[in-house]
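Presented as structure tokens, the chain that follows is alone, the form predicted on its own.
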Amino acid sequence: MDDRLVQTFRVFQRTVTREVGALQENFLGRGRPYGVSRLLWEMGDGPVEVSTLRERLGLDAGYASRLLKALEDEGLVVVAPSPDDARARVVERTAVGRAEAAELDARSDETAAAMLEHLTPEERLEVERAARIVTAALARRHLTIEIESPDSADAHWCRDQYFAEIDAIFQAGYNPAAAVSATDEELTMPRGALLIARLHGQPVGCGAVKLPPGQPAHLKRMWVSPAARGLGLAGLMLTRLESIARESGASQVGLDTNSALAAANALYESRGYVQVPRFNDETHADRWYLKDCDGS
């Protein structure tokens, strides 16, 4: 490894930890160090297994227990035995904890804005690009994309998050019952496949493909959690789905989408998908795309 690169990265680490206040006992003015607040933020609205949090943040058992004890003492979380496994523990935010997590989010946004405020517009763009590159490069080794049963708990969670997001985006909302079908059977090999993407073991995205014999493969339910956007995850899932379609013998891959999904449409067009006339009865769509499996 080039020593100059190592030293440059170390300077970057020191600068970031200082600027975000990670060394302060009173992180963001909330009376606790960074590690305790980060654990509260990371658990989401839960409940979540303590072992999952430890794995996600790379914490040993003793340190994680001390952080959780600090949160319990403040009345921000409740730790209890798992209802599914008596040997495991789960943790969940209390109402006070949820309010505190929202406050931490707001103060973190303010701190980030203050750090960027003194930069010129050009410098802000450079910092944004650099942050995206560093985040993607370092996070990708903790990212997995695997074919999964569409009736798993994580598959249901991703599906529900996807439905809720597009329901909020589409002007007329989204009604799954009125959409072109994507049943569990249609998303199970050999009729199709569902991918679940995980970051640090947690679901952060999904994508599916239907494989009707003698017809173009059909992409469905492409979604990436806001927490994982900027990592190139959508492109990675798209590549995997196209590979599944090609291996199944499909000569083309098609999809229906909505013009309100600007980022998704930009991705499809950048990957060689060509807009074509309507080819199905999807009521929520106003755009249809096709791409030859050989990339032409």
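Just count from 1 along the sequence shown to find any residue number. Superpose the two forms; the largest set of C-alphas matching within 1.5 Å is the rigid core. Since this is a predicted model, take the numbers as computed values, not measurements.
What comes next is about the form predicted in complex with the DNA, which does not appear here.
With the partner removed from view, the residue among Ser65, Ser248, Asn258, Gln252 that has a non-hydrogen atom within 4.5 Å of the DNA in the model of the complex turns out to be Ser65. Distance criterion of 4.5 Å from any heavy atom to the DNA in the model of the complex singles out Arg54 from the list Arg54, Arg240, Arg271, Arg30. Put simply, Lys69 is close to the DNA in the model of the complex: some heavy atom of it is within 4.5 Å. Residue contact check for Ala61: one or more of its heavy atoms lie within 4.5 Å of the DNA in the model of the complex. At least one heavy atom of Arg87 is located within 4.5 Å of the DNA in the model of the complex. In the model of the complex, the DNA lies within 4.5 Å of some heavy atom of Val50.
Heavy atoms within 4.5 Å of the DNA in the model of the complex are found in exactly one of 217 to 225, 79 to 87, 109 to 117, 157 to 165, that being 79 to 87. Contacts of stretch 23 to 40 with the DNA in the model of the complex, defined by any heavy atom lying within 4.5 Å, are made by Pro33, Tyr34, Gly35, listed in sequence order. Once the cores line up, the CA of Glu269 ends up less than 2 angstroms apart between the shown form and the other one. Core-superposed comparison between the shown form and the other one: the CA of Glu242 stays below a 2 Å shift. In a rigid-core overlay of the protein, Pro81 has its C-alpha displaced by at least 2 Å between the shown form and the other one. Compared with the form shown, the His142-Leu67 C-alpha separation increases in the model of the complex, the change being 3 Å or greater. Relative to this form, Asp84 and Glu146 separate from one another in the model of the complex, with their C-alpha atoms ending up at least 3 Å farther apart.
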